[in-house]
Each structure stands twice: as C-alpha cells, then as structure tokens.
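What follows is one chain in structure tokens, specifically the form predicted alone.
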C-alpha cells in the first residue's frame, strides 16, 4: 500500500487502512506533554490498515521510542499467533469479544491506569463496558457499526432499508457481497428478528438455510473487501464495516451507508497488553500517546471510524461529527448489539458458515 496525503487516499483494501507514510519523519509536536525520553522499542501488532499517516513517526519523535509495527487481518489470526506464545508483542488491538476470550485464556496483563493519564479523555460511555469491567485489561481505540454499503443509482427511487433488501428477495441478485466470516450468520439472525448472540442451534440453522437460499444471488463472500467491489462497480450492495464504506464514499458520491432497520452489530476495537511482551513500560507510553486528544483525533480523521475519546472530538472535521453514518443517533444504536463471547455459540456459527460456503 502507498502513502498518501490525508485528502488524497488510495482505494482502501480492507476494513482498516494502513499508510506506510506513518514511518515518515514527523514535525515537532508542541501540543503533547512529553514524557521523559525513553529508550528502546515498542512492538505493536495491529489490524491491517488502522493507523494514521504520521502516527508512528510522531510517537518516536515525541518519546524517543522506536516502533516495530506488524499487521494482522483478523481477530482469529491475532489470537492464534499469541495463543502459541507471545513472539514479542507489547501492544495489540483485539475486538471486544476477543478481549473476553483472551482474558479467559490468561493472555492479557492488567493495565496500570496510573501510567495512562489520558484515560481521562474517554467518553464515560466507554469506561465500564460489560466485556471488561473497569477497563482492567483494555482501553477503547475505535467503535462502530456493521451495515450496508450500496450504490445510490442502482437503488433508484427506493433505497435499501435493511437486511431484507439483501436476503429477502432478488432485487440485487448477482450484485451482492457478504463477509465470509461468522458475522454473516449474526446479521442473518438479525434479519430473522433474533438476537445476533442467539445460541439456539435451531435458529442458527435457520440463519444458515436463509443464506443458502439467497446464495444464488450472492456474487461473493468477500474477505472484508466489499468496499473495493462496490467502488469498482462489480457489485451494487454489500455487508461491510461503517469506516470502510465511509472511506470509499469520499471517492464516489454515488455510494451510501446505512445501519439496517432490523439492527446490526455494534463493535469496539481496543488496545491491550499481552503477557510476555518485553517492553511493558513502553507499551503503557504508547497507549497513553494514542489517547492524546489531538493524536487520536488525527487518526480518526484519516481512518473514518468513530471515536470513544471525548476530548478528541474537537480535532475531527465537523462534517464527521455530524455524520449519522459515522456517529449514529441513539435510536439507531439501540437497535444494535455487541458480539458477546460464547465459545459454544461461536463454534455453532463457524460450523454454520462452513455449511453455507460449501453449499
């Protein structure tokens, strides 16, 4: 992937956009309260495409700490690599349901909040989530929704309103894409008016059958690249993450994003410290740096995901703050649910997905 100015982005290639320019030399950072110059390195393992253009260079310039920055494409990849033994990472970015899973597997260290004073910048709504009470093991990075991206001209006078437009008929037959992970089972449960955390095997089977029925009209089960298929014109509608669609909407004003009327997935990605990392002090410094209001605001301006950092909101464009696709109103959020970790249910969903893909 290539670096680009903030307002001249390449087509994103996944849910989160990485800019190699983050390794560029940053200017001075007068807004930061500089810690004492630290030695050594911090080893960061983050989602593919999920950082600002200059963030890592700014961190090194501000702290003296070099950054080794590796990428992964899914929570499963992250979990699998660290489950075999931490190869040396200091900071990771698991989604909320995987925080629960990693705590249960004794893979995360408790955070020392005294070393992360920028916790004070957080919106109170994000300070005591059910998946990590008191934020003992994680701090929020970004949050958002899963929904529908679509081409306005293809929808005509009747824009889509929900999952029913993709799963309940042949309106977009041959021009649809879904994610090829178990979240497609979850959103189909919402289409069927069940909870996306439903663990009834009959309901999960019903969701699989609904997808198999719709499969002749589905062009692709895509590995988190529905936005690329959409902007290239290969499809007209897709299941995707809000930030991915918001990014391509900046490149093509014929695209739009909605949260389906049946409801959807409400997600949160976090920052955590895995057991076995060699640079514990620097890990805390890095997390505190990200939660600096201006730094976090700059990252959000680039990646187009909603902030859990209340103090950072003043550093993002007004059109982003006022965009309901990015910051949905409370009545829309009320229709959505977080994905709650449940090993037995998640196994059933993975088996259902395998059956759908093989059908």
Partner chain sequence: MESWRQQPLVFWIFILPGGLWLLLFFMAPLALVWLFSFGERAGVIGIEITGTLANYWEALEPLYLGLFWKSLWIAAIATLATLIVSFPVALAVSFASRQMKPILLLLVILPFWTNLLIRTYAMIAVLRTNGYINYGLEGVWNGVSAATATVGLGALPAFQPLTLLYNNTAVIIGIVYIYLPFMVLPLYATLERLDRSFLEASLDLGAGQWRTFFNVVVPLAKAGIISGIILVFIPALGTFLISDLLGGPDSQLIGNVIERQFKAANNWPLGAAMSFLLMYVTFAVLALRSMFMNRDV
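Quick caveat: nothing in here was measured; it's all calculated off a predicted structure. Positions refer to the first chain, counted from 1. We call the rigid core the largest set of C-alpha positions that still match within 1.5 Å between the two forms.
Separately, the form predicted together with the partner chain exists; it is not shown, and the next lines address it.
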property	result
Contact test in the predicted complex: residue 195 vs the partner chain, heavy atoms, 4.5 Å	no
The partner chain contact at residue 221 in the predicted complex, heavy atom, 4.5 Å	yes
Non-hydrogen atom contact residue 267 with the partner chain in the predicted complex at 4.5 angstroms	no
Exercise: residue 200 in contact with the partner chain in the predicted complex, heavy atom 4.5 Å	no
Stretch in contact, per heavy atom within 4.5 angstroms of the partner chain in the predicted complex, of 98-106, 139-147, 256-264, 125-133	98-106
Complete contact of 83, 229 and 233 with the partner chain in the predicted complex (any heavy atom, 4.5 Å)	yes
Contacting member of 252, 205, 76, 170, with respect to the partner chain in the predicted complex [4.5 Å, heavy atom]	76
Within 172-199, the residues that have a heavy atom no more than 4.5 Å from the partner chain in the predicted complex	180
Did residue 288 shift 2 Å or more between the shown form and the other one, C-alpha, core superposed	no
Is_shifted residue 342 between the shown form and the other one (CA, 2 Å cut-off, rigid core)	no
